[in-house]
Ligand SMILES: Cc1cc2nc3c(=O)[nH]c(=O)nc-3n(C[C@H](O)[C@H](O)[C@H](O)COP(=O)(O)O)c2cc1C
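Here's a solo chain for you in structure tokens, the form predicted on its own.
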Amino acid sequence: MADLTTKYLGLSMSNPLIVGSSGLTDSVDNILELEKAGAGAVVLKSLFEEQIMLEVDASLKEAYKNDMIYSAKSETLDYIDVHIRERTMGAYIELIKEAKDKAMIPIIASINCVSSAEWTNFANQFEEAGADALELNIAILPTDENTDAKDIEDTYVDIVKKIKQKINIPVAVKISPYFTNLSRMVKKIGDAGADGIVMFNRFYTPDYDINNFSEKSSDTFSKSSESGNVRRWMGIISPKVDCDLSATTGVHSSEDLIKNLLAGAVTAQLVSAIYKNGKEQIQKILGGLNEWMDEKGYNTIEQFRGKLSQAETSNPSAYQRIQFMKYFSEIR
């Protein structure tokens, strides 16, 4: 039997599979079931900065409607703001505390943030509650044509620097692939103090109902075929950075996991695979990894991690090819 033990963000894990931030990790009961199923760690369902800001804004708008009770300088308005934030934070902190009390696997807190204003003030509370690490899910959609790309990149770096000043637990940053120079951006995030990079965010994508003329969500769950871009960048970036890399999006099978490890990933995060196939999928994937390692004669993951990264492969140019020249040139 191969040794699947893994070190991620300095945390000891029994294997490289992490259940990613989702509804699967929003309660202690769920977390204990995932631990029993074999998860190496869990990332708690994210706190959404934007959602809290919208709730505060909606409550303040309602308050402003009653001029007889509230005024623009009313202390009650400040109370509404603080109360909503503290209520949401309080529930999340209790989740961390209870999960740490009952589960043995690493518990990684998660924040979905769009600015550096709010979360630097709360991060140390996650640490005090017992979180083993913090995953910053930074998602900034640049829809304003007047916003400079450098300003957006600086926001990422600013968030990481401020959080790292507040806490001592390791910090991973979950990013999207949509940067002009992704390799440089990962390096900047690493230089800012990030202990890990999670690649990549999978965003909500709108679709349309053409009969009812309404907006709806497109496919919620990922597919195995979506992991190709993750592997490309994992293979390019892994030899260039000192921080740990975690693969997410499109990890559904043992083959998907093995490919990401060969590209240089330290861990892989599952969500859609569990929603589709149940928590039993964790053991199926780990079983497949074990069988493959035994077949290839590997005792530990470190013996083959990064074996097919751009720095190690015999065909490094394959990572930089973005056109199907060879394939389409043969089509008439």
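One rule holds for the numbers: they count along the sequence shown, beginning at 1. Small disclaimer: the values here were computed from a predicted structure and weren't measured.
Not pictured, yet referred to below: the form predicted in complex with this ligand.
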- Is this ligand close enough to G20, K174 and L270 in the model of the complex that each of the three has a heavy atom within 4.5 Å of it? yes
- Although this ligand is absent from this view, report whether F221 comes within 4.5 Å of it in the model of the complex, heavy atoms only. yes
- Message: Can you tell me if P170 lies within 4.5 angstroms of this ligand in the model of the complex, counting non-hydrogen atoms only?
- Response: no
- Message: S46 versus this ligand, in the model of the complex: is there a non-hydrogen atom within 4.5 Å?
- Response: yes
- Query: Counting only non-hydrogen atoms and a 4.5 angstroms cut-off, does T248 reach this ligand in the model of the complex?
  - Reply: yes
- Item | Proximity to this ligand in the model of the complex (heavy atom, within 4.5 Å), stretch among 27-35, 272-280, 290-298, 303-311 | 272-280
- in the model of the complex, the residue from K188, K162, R202, K100 with a non-hydrogen atom within 4.5 Å of this ligand is R202
